[in-house]
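One chain comes next, on its own, written out as structure tokens in the form predicted alone.
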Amino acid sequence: MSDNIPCVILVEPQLAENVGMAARAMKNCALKELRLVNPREDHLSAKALSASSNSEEVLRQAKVYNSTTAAIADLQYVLATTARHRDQTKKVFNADAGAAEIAVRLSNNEKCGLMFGPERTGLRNEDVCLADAVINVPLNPEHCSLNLSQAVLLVGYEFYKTQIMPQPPKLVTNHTRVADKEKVLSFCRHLENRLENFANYKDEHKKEKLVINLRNIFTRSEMTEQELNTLYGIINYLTTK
């Protein structure tokens, strides 16, 4: 991941533990620089440090400012997060589009910031007007309020995804492996042999469809060797009682 990452600006955060949890969210997303504008409580208090959950270095390196303008003075591009329409002419991004915009600007060596408002009210109009654009996360309109740390994590994660190579889905087999087709089909034949006395299996009109359905079930399931052995044991137990 590049060393060129956005800073996080918390404007007038109210609770120390929320600042601590925001620091934790930042570290989850490899964000390191925290700027605080007039925090109401000490960001290095025991409550904040405890809530940060091993992210104390983010708090200890945080810088405190007496105004939003001072906190963003050295930045070239700032996105303000807000859930409400502010009657201001601003470009509005959702979280992933905003993160992509930040990533492009960082690649051009622009210094960027993500700005979040107080827990109770969110950013004021005076703060939003200082930003270049807005991030608005579309959520359930009946309840779109986010905790401060949740907002930091959501936006931070979208940025983090722009910096890493996405991992393709994979099947975790632990101490076994996916069975090859011969083993799966051998199991199917074993099961079919145990069905000789089943009424539908004796009926030639139904047998073909039954066999196809059974083989479809097991060949499309990425069965592991361990799972096949378990099924062998179950079938043998049920058919020898």
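For the two forms, the rigid core is made up of the largest set of C-alpha atoms that agree within 1.5 Å on superposition. Residues carry their position along the shown sequence, with the first being 1. Everything quoted here is computed from the prediction, not taken from an experiment.
The form predicted in complex with a further copy of the same chain is left out here; the points below concern that form.
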Note: a further copy of the same chain not shown here; in the predicted complex, the stretch from 68-76, 154-162, 110-118, 123-131 having heavy atoms within 4.5 Å of it is 154-162
Looking at 185, 30, 64, 46, which has any heavy atom no more than 4.5 Å from a further copy of the same chain in the predicted complex?
30
Please tell me whether any heavy atom belonging to residue 204 falls inside 4.5 Å of a heavy atom of a further copy of the same chain, as the geometry stands in the predicted complex.
no
Against a further copy of the same chain in the predicted complex, would residue 36 count as a contact residue? Criterion: heavy atoms within 4.5 Å.
no
Looking at the partner-bound form in the predicted complex, is residue 81 within 4.5 Å of a further copy of the same chain by any heavy atom?
no
Residue 213 within 4.5 Å of a further copy of the same chain in the predicted complex, heavy atoms:
yes
Exceeds or equals 2 Å, Cα of residue 231 between the shown form and the other one, core fit:
yes
Just checking, between the shown form and the other one and with the core aligned, does residue 213 shift 2 Å or more at the CA?
yes
Is the shift of residue 65 between the shown form and the other one large enough to count as movement, that is, does its C-alpha move by 2 Å or more after the core is superposed?
no
